[in-house]
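One chain is shown next in structure tokens, namely the form predicted on its own.
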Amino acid sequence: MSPPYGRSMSRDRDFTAVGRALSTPARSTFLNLLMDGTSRPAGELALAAGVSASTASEHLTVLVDAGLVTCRATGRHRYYSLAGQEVATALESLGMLADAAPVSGYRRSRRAEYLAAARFCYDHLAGRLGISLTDAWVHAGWLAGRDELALTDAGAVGLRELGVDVDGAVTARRATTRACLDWTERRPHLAGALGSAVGTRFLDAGWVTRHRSGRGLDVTEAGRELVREAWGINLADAGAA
């Protein structure tokens, strides 16, 4: 379709709207919390950012208008989530360029450690847990490559035995595997449809649980035993929670 008469579309991208949407600490806090793929009520986001409900509503409207966040109404409550995997990927990449937020106090320090140790990056495992699993599966021949990961036949067999929905991941409309550069560790972890299926399996099996505050994950004793016995991963050394 041709552009309207007298106008032409540049191939350059206008980043200013997105830049403005990211320009306040409260909005940064909201996006950090939503990067685990959850939907959260406005009140919870306001509390985490230390702003009033009315101020949070104004900030969330900016994020929705910029296409970074979506809003779903359930009764009298509104729940907010990232607008999709593409947004999560872009924010994770920006995290490589952004300075770390200052941490003060024991609680926030522990929360930062949880994030670095084990977390969800939208729908797949990240942090030292995600990287350790990716490294182990490359070493075992389940994944091929490093910057561009690919599932091998051996990996398909092994992950099926683990209970991962490999067939669903392979037939999904999105890429089966993708190497996502971890912003805390500066190394890749497994993403894509297969990474999502692995994350779902770890949650459903009770090998990890969502931490009650923020994006961090708790690795359960069963999860620790699994990764230690199956792949020689010592999560105490890896610093997992």
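When you see a residue number, it is the position in the sequence shown, counting from 1. The term rigid core refers to the most C-alpha atoms you can superpose between the two forms while keeping them within 1.5 Å. All values reported here derive from a predicted model rather than from experimental measurement.
The same protein has a further form, the form predicted in complex with the DNA, not shown here; the description that follows concerns it.
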Judged by heavy atoms and a 4.5 Å cut-off, are Ala42, His59 and Tyr80 together in contact with the DNA in the predicted complex? yes
Contact flag, Thr209 vs the DNA in the predicted complex, heavy atom cut 4.5 Å: no
With a cut-off of 4.5 Å between heavy atoms, is Arg27 one of the residues that contacts the DNA in the predicted complex? yes
Contact of Ala48 with the DNA in the predicted complex (heavy atom, 4.5 Å): no
With the partner left out here, check for me: in the predicted complex, does some heavy atom of Leu203 sit within 4.5 Å of the DNA? no
One stretch from 131 to 139, 118 to 126, 70 to 78, 157 to 165 that, in the predicted complex, holds residues within 4.5 Å of the DNA by heavy atom: 70 to 78
Spell out whether the Cα of Ala42 moves at least 2 Å between this form and the one not shown when the two forms are superposed on their rigid core. no
Comparing between this form and the one not shown on the rigid core, is the C-alpha shift at Arg20 2 Å or larger? yes
